[in-house]
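Given next, in structure tokens, is a single chain: the form predicted alone.
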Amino acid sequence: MKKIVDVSLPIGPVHPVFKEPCRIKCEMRGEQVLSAELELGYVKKGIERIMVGRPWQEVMFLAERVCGICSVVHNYVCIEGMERISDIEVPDRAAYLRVILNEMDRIQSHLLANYSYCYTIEHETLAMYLINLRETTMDALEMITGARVTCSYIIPGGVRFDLTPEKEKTLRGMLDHIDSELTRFVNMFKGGPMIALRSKNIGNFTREEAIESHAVGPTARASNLNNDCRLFHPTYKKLGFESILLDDGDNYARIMLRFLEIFQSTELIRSCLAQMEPGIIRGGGIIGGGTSKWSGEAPRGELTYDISTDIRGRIKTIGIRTPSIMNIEACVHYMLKGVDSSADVTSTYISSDPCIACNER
């Protein structure tokens, strides 16, 4: 009697297309994936434990170091959570500047995710175009904040620096450049026969499966599940934000959704620039004792900080729930199941935009 499983195929922890180490263990029948499991634990940092007992002035910097790709949103959500402990108000101009920075961070993260996917399916030309365009976004982050990755821009009661008219003009030019170049690259993605062959109807993920696995972010929205935290954020409401949804739920849809969200992010930034008026950027405020649980939309999905502080603003307990843990589980237990070729395991995994650093914080 022929056994059901022909071979166990381990991929990783070190692999040319993985940005961070992990191991995917696949059970195969021929080239078809029957089931998969993910093995983590290679880059555990212990940041949550390090935060305990430290004052908020130190924790706001540690939060950025949970992830080196989406560090801005960790700063954003952590500070907004702490502001709610002490009822700290944020000036309107600062609130818009926060959104500008958050959307710039989303652009660079989505470009990096789509670069990784194109590189994984061996479309190196498009991959190099995307990673080069990401440098424009990183330059914009540096221009606004003085740093490219750990910007430390958002502080309780506001932001560190204002956006001068000269920098605003430069930023608008950068946005136009991103839109122009990305339009060309998206047409390359849409029209590439190899891309369609390696992406469409691969890694299928239905809306029902997205609900069952608690998927978030673009991974969920590409399967027509809308759980975008920006819908409930007061500043995004002022901007008239609406989520982008797609139906197909395959690798192609997940990459295309990120492309569409980049265009949406540039429009949100332009709306912020148009709506924000001159004014103060720091309202001030000191974090006291209390608890809060606050979520924001990271590039990969819902990010939650559950914080408890003592009367002097020192962290008593903190829990960080990052989006990748749900999306990786969704990928391993749903998207990979039934994939017809071992060559598509890595591309399907990359299409969920995993962040191991966030998971192993």
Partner chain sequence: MVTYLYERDLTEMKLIILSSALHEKTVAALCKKYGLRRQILRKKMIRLFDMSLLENIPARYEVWEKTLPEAKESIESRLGVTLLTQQIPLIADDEMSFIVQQTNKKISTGYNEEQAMKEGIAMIREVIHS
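Numbering follows the first chain given and starts at 1. Keep in mind that this is a model prediction, so the values were computed, not measured.
The same protein also exists as the form predicted in complex with the partner chain; that form is not shown, yet it is the one meant from here on.
### Message
So in the predicted bound form, is the partner chain close enough to residue 34 to count as touching (4.5 Å, heavy atoms)?
### Response
No - in the predicted bound form, heavy atoms of residue 34 and the partner chain never come within 4.5 Å of each other.
#### Entry: is_contact(residue 212, the partner chain) in the predicted bound form, heavy atom dist at most 4.5 Å
Residue 212: yes, in contact with the partner chain in the predicted bound form.
### Query
Can residue 28 be called a contact residue for the partner chain in the predicted bound form at 4.5 Å between heavy atoms?
Contact with the partner chain, no.
#### Entry: Proximity of residue 53 to the partner chain in the predicted bound form, heavy atoms at 4.5 Å
Residue 53: no contact with the partner chain in the predicted bound form.
### Query
So which bits of 284 to 311 sit within 4.5 Å of the partner chain in the predicted bound form, heavy atoms only?
Those in contact are 293, 306.
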